[in-house]
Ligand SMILES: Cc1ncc(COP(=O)(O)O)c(C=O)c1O
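This document opens with one chain alone, in structure tokens, the form predicted alone.
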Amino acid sequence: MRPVPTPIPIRKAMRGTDIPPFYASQVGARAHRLRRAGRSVIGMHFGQPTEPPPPGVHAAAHRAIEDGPTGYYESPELRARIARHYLDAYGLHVASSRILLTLGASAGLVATFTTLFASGDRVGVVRPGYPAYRNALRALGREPVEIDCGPERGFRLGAEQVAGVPGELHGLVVASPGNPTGAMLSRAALAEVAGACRARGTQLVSDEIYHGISFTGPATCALEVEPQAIVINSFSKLYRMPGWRLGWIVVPEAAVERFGAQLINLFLTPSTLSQEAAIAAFDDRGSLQAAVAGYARNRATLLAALPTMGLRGLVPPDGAFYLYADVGHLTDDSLAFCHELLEDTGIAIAPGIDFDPRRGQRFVRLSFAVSEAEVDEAIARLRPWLARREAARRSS
């Protein structure tokens, strides 16, 4: 009988590299199990559209399967089409040579953090904000510097906050509209933030994956106010292609070679099939605009209904497809709150601790990138559940 080999112990992570999970994914895993067991689940926890991509995307993908390239590839046609998008949407002339295709926006973030910043560099991020900013920075040995932008500020970053960060600030990540709040900076406010970055030698990085999904007017591209900004975008949100894992970054011409070296070494190239399909995503404006109009109706429905259930003080989102709600009068544990809501009602939402490690225990995020019927059903289930929760709180 052969001896059983001694397992090799997993090396303990180096100090400072441990990062928390996406807690919304824990809710999502439980929601998936409930759905497989036959429960009716309304998924408002993940930041992804539930509608499929525009029909032209599927048609282009089928053509690519039959006739398209199959090897490692970076489509010059797609880069040119993205460059045309900047001219159409913002009036910006961006050379296609400055556009690098990425394996989703996440790869763009990693390449940006590793190309621009050295180990120990300090990079500002907004709190509440997308958790992968601070978690990826920390995992890569960079220091996230959280800037508190709570509801009392409408969740918006101010130039005075950028100027007031003590010590060095090598970079700043902004998202307008942002996740989880949907808060958007006006052109003037973004220009002031960019000016504050220039004044202290801080590299501006703009995550623009929710551009095109706005309810109070169009979003400003950072390149309109800061030509040296790094812009990150994706086909996951407006174009409804999250599982296709395709994004892009726009970088200054002088930095193209350095960014390209990072991307090819870390990620090779994005999916060839996704690149071929994505060219068609720009061309069905009717489908894109119809989806955004649906989000706007869902937003209005929730903003009208939730205050009648005791969720007051909501800050209406300017864009994206989220509501960030204060439930501090009902819980001091947003993750437990989300799990209980899911078990009792079948509604899956995200806990605030994903987005704000300090004040997130009293907040939850609801995605309204679902059907209007699902929003109506969620309200019908949520109303009696919240009423029971409030009654229990008062009686205790």
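Start at 1 with the first residue shown and count on from there. Because the structure is a prediction, the values reported are computed rather than measured.
What comes next is about the form predicted in complex with this ligand, which is not displayed.
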query	finding
Contact label in the predicted bound form: F155 to this ligand, heavy atom within 4.5 Å	no
Proximity of N179 to this ligand in the predicted bound form, heavy atoms at 4.5 Å	yes
4.5 Å heavy atom contact, G104 and this ligand in the predicted bound form	yes
Partner proximity in the predicted bound form: S236 to this ligand, non-hydrogen atom cutoff 4.5 Å	yes
Residue among A325, V162, I209, A291 with a heavy atom within 4.5 Å of this ligand in the predicted bound form	I209
Sole residue of Y130, Y86, Y295, F259 within 4.5 Å of this ligand in the predicted bound form, by heavy atom	Y130
Interface segment, criterion being heavy atoms within 4.5 Å of this ligand in the predicted bound form, picked from 296-304, 236-244, 183-191, 282-290	236-244
